[in-house]
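Before any questions on binding or motion, here is one chain by itself as structure tokens, the form predicted on its own.
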């Protein structure tokens, strides 16, 4: 009997799962699904805050255990473990006497290091697959090396190919789980030395991790509320759950498939209405893919001060100023309101992110990577390539064709918070 390990990473779902769908009716096979909390994600950074903070950790834990629950419904289970995946999986493969390992491919330095170390540590085959983007790299109309450095040029070539997107049918069953590996350990934020985050009722949404909640959010935004019909007009607002899709937290850890979203949008356009807003949501999803492909093209350059442009940067790097920015105490009410929302909820609007990022690196003259690291710690929707790609863009070392762009946060406040309701909401004592 073949023994197979499926290593869940940032694909914490059972819908649109290419490998599991292929294994669905396999005979004479034992399937061991595994998730490993990488202990390195919870260490303190050089800036003295955790690499992964309480909000994102809580959302991740909820996502993992929702996956475990859903696997139970298919007669399977999920082994949840903590440590270094490249070591844990080696030990697990030996104990299980595994024949093969499957996992989703990652695209950036820390994750690639784990993949390479795992390959060194074991002799059985490891099969990595692409599942994060609408199109795989082999479906693109150009090589990664020839990926356009301007988004518009990328979009014009990719848009006609969106109709090629397909999703995998819902899983009905899975091969049996090896009983020797069942466990029922409880994991909380305190397991990683982090406090339990408190819910703030000013939050745009009560974000709860997991595939079930991701699919419910998709259903609500598109079909129940039909908020997608007003997305282009509302996406720069700051208060409430309806102004934007809020899909990003579930997309970030793969609880929700980007292809599933596109198929639902296309179905909505066919059955209800297609307008500029439905189209614009698809464009925003292309931005997500674009930053991932850029990371594959440029590798660790996306983490360097000069970005993908190797552009020299001069920063003051005043830590006390950074702390005021981080904790919402700069004295600029629009910046402080946005940073307070992030601090209290683990979320911030896209409009807010652009403004506070510009303020940090263009006004305070602080290394944009400090800000990117804080977002990595705090955002429940942290996605490595989207986060670092967007920060490079704002800092003028990424894909912005206007590298000297500078947000005037006071004018932005006048435009997007003219009545001051957002600032009043988050700056109240």
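Residue numbers count along the first chain shown, from 1. Just so we're clear, the structure is a prediction, and the values are computed from it rather than from any experiment.
In what follows, reference is made to the form predicted together with a small molecule, a form of this protein that is not presented.
Triplet 7, 57 and 80 all within 4.5 Å of the small molecule in the model of the complex via a heavy atom: No, the whole trio is out of contact, none within 4.5 Å by any heavy atom.
In the model of the complex, segment of 102-110, 243-251, 263-271, 177-185 with a heavy atom within 4.5 Å of the small molecule: Selected range: 243-251.
Among the candidates 191, 350, 313, 139, the residue which, in the model of the complex, approaches the small molecule to within 4.5 Å (heavy atoms): Going through each option in turn, the one that passes is 350.
Single option in 377, 70, 399, 387 placed near the small molecule in the model of the complex, where near means a heavy atom within 4.5 Å: In short, 387.
is_contact(residue 284, the small molecule) in the model of the complex, heavy atom dist at most 4.5 Å: Because a heavy atom of residue 284 falls inside 4.5 Å of the small molecule in the model of the complex, the answer is yes.
Non-hydrogen atom contact residue 288 with the small molecule in the model of the complex at 4.5 angstroms: Flag for residue 288 set to yes.
4.5 angstroms heavy atom contact with the small molecule in the model of the complex for residue 154: No, no contact at 4.5 Å.
Residue 122 within 4.5 Å of the small molecule in the model of the complex, heavy atoms: No - in the model of the complex, heavy atoms of residue 122 and the small molecule never come within 4.5 Å of each other.
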